[in-house]
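Coming up is one lone chain in structure tokens, specifically the form predicted on its own.
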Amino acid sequence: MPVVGAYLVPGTPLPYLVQDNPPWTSLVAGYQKAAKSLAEKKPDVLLVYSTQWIAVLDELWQTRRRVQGLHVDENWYEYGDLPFDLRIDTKMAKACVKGCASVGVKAKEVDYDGFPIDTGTIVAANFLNPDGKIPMVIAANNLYHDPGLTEKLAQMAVKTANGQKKRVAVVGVGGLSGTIFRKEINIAKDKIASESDDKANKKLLGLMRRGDGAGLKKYLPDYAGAARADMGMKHLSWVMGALRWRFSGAKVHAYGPTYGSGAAVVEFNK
């Protein structure tokens, strides 16, 4: 069964919590376009990796059938709360835990009430899957996994889905350039923190648009360092691993600032 959709989306809660703020409205609209596209593809499962779900020992996978609650972001709490109600494909998630051994990774299930779901996963789910109809498989960002190992984990997860004859949409949740304003700003005047960050972000997105997988792979390490990219862009490694770096182009549904850092909603074309 194929990967029917692939998306790179922001994990910041700002566009979700303040949807009418002018610098963030394009990101909201971009997320809405991605959600419409995702619904049309009718995947059986969303394969989600968020840079904000951090693990330091084993690779963690959410296996509780339904996870719900109210989350307060640790950085942007003043803008509001984040309700969530997620449905998990427990069968596939448990199979991914077992499958981690095939790539030399130790893994564990997460299955208990009140587990602190991260902001990025919640924002992506609330925008892309607001009614919760599409089950999810959610993998943690282990800080000791490099981009190459992250790619292998995504490939393993897609192989696991294929074994269960499930159509997959893969979602990498995270930002672009990582410099945020350290002093309070008027959010109505938000912008990318520097011209160099903006230039680097646009070059990265241009490579995606053109479907230049080789160029994107070559540029990524330099970009990650120069732009202080979110977690070295491991969320992009997740998506590229699932696609095996094979894509014909991408639609950049939105690009813009989030308190100085860069964010984009990107849909990759098969």
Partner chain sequence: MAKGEIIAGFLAPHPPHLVYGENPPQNEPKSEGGWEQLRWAYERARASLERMKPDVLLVHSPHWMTQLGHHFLGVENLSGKSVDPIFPNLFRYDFELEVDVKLAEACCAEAAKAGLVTKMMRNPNFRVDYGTITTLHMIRPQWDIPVVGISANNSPYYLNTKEGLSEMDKLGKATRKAIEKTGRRAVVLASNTLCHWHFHEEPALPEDMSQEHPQDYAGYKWDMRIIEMLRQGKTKEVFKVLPQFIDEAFAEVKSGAFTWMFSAMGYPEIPGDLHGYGTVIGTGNAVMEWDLVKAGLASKRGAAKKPAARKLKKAA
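Numbering follows the first chain given and starts at 1. Keep in mind that what you see is a predicted model, and the values were worked out from it rather than measured.
There is another form of this protein, the form predicted in complex with its partner chain, and it is not shown here; the text below is about that form.
Answer range among 147-155, 130-138, 74-82, 168-176 for contact with its partner chain, defined in the model of the complex as heavy atoms within 4.5 Å: Among the listed stretches, the partner-contacting one is 74-82.
I need to confirm a contact call. Of Lys199, Lys91, Lys159, Lys108, which residue comes within 4.5 Å of its partner chain in the model of the complex, counting heavy atoms only? Residue within 4.5 Å of the partner: Lys108.
Are any of the heavy atoms in Arg65 no more than 4.5 Å from a heavy atom of its partner chain in the model of the complex? No.
Quick one: is Ile180 in contact with its partner chain in the model of the complex, heavy atoms, 4.5 Å cut-off? Yes.
With the partner left out of view, is Ala214 within 4.5 angstroms of its partner chain in the model of the complex by any non-hydrogen atom? No, Ala214 sits far enough from its partner chain in the model of the complex that none of its heavy atoms falls within 4.5 Å.
Do Asp44 and its partner chain share at least one heavy atom pair within 4.5 Å in the model of the complex? Outside the cut-off, so no.
Would all three of Ala55, Leu70 and Asp113 be in contact with its partner chain in the model of the complex, where contact means some heavy atom lies within 4.5 Å? The answer is yes: all three residues contact the partner (heavy atom, 4.5 Å cut-off).
Pull the contact list for 243-264: residues with a heavy atom within 4.5 Å of its partner chain in the model of the complex, in sequence order. Stretch hits: a single one, Tyr259.
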